[in-house]
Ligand code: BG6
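For reference, the chain that follows is the form predicted alone, supplied as structure tokens.
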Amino acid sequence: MTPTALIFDLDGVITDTAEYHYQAWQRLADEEGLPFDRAANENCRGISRRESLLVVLGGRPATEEQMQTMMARKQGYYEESLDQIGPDDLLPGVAGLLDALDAAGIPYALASASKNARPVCERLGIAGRLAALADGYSVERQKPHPDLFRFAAAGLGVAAANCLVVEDAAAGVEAALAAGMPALALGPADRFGGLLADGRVTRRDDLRDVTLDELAAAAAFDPGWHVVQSGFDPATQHHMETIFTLGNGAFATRGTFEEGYPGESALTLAHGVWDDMPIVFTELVNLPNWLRLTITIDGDDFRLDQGRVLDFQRYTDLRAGVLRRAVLWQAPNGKTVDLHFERFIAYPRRHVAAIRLLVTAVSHPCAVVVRAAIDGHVANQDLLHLNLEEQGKSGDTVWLRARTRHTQRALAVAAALSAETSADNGTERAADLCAGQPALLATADLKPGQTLQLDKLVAITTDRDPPAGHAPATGEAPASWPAPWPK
């Protein structure tokens, strides 16, 4: 198998404009009396012009007007050097690879933070071969954020999860992984540090003699470290909920979908939280569902039992302890969106769990509304174990407190939500304190290629946990307690 599509960075991958950037920054630094060299320039790879200037400044203060002037000077120096670029400046291996991709019918795009990407591609003679181009004008948040690569995937019209990114910068590899894409990293190993330990990153020195088989291997999952489900089959959903369970020893959650599914068995169990039941003595109590995300696309709820599932992929990364799911979905209204979910339950901070959601508009502009809730209306196969006591909102956090009906164990769940978009129109935020299901809401209007990112941070605790700073007596509890909750 080969990737559905490839997304290339420009500088240092397609052509060596990275050298021209370095020369322009070095000239500016020399004029300003700033220390700067090739080692410092490594930190400028893959990031925006403003972020690169901050690297060059090295902490020296500058006003916004001064920064704008310096960026304009550097850009002028860089553009002067672009007049030298032509088709012969494609890096070794690039021309042959593009020919092989064309012959195989594999589309490819370019995604670069450079605002000169389009004219550079025209000078190189490859602009007409690109199926899509994303540049510094396409999104507000640049690498290492995922927005630029997801913009390119939307332009290609393919599922982001099926794109292989080719990058030469650590920030670009981080962006690819954040976008839910595997990456082929080009350059020396020390440039990428710990990123090479990720099972979705492959490294080689350059693109000389690269084959489609190598690209397929770079896009593939490492079977030793990934549990993978390709394609959605409703008949296996209940079994997959078990397969994709996550836990940390303090609590565990079945692999149900955040948006829900008919007949699901949503279940979160915490160590030591029991309650009485008929016939037998006790059972672990199903805690409030912290996963719940209701996602609406122009009035249509995202659910896999409605609309069309165009592409589906779910896998557990056993190295990181993260569950990921990617869905290319067409709503009943005909609009297509690309959704990426990440979920983890923290090990060192045993009360904490989190969900990240990326929603990218693909085919049409759309209004996206996400309701991130704590669902207290839960049971153990229709047997209710919880009395819901209190709920509320404090700052950017909603919370819910409950108590088991018979054993009187107290518990609480809190959730916070952050939201950003790849555009400059931002998001709107609100709270909804529906009885038994307090929630935080985020809304955004997305144009094709734009992405909404939401991070839901959750904390779960029970009365078995000591207050902060309490040192339990010997035999009372484990000697090492979790760190305090994050704010």
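Remember, it's a predicted structure, so these values are computed and weren't measured experimentally. So that there is no doubt, residue numbering starts at 1 and follows the sequence shown.
There is another form of the same protein, the form predicted together with the ligand; it is not shown, and what comes next is about it.
- Not displayed here, the ligand is kept clear of Ala442 by more than 4.5 Å at the level of heavy atoms in the predicted complex.
- Among residues of the shown chain, Arg45 is one whose heavy atoms approach the ligand to within 4.5 Å in the predicted complex.
- Contact check for Lys74: a non-hydrogen atom falls within 4.5 Å of the ligand in the predicted complex.
- When contacts are judged by a 4.5 Å heavy atom cut-off, Ala113 counts as touching the ligand in the predicted complex.
- Contact with the ligand, judged by heavy atoms within 4.5 Å in the predicted complex, is confined among 47-55, 32-40, 60-68, 443-451 to 47-55.
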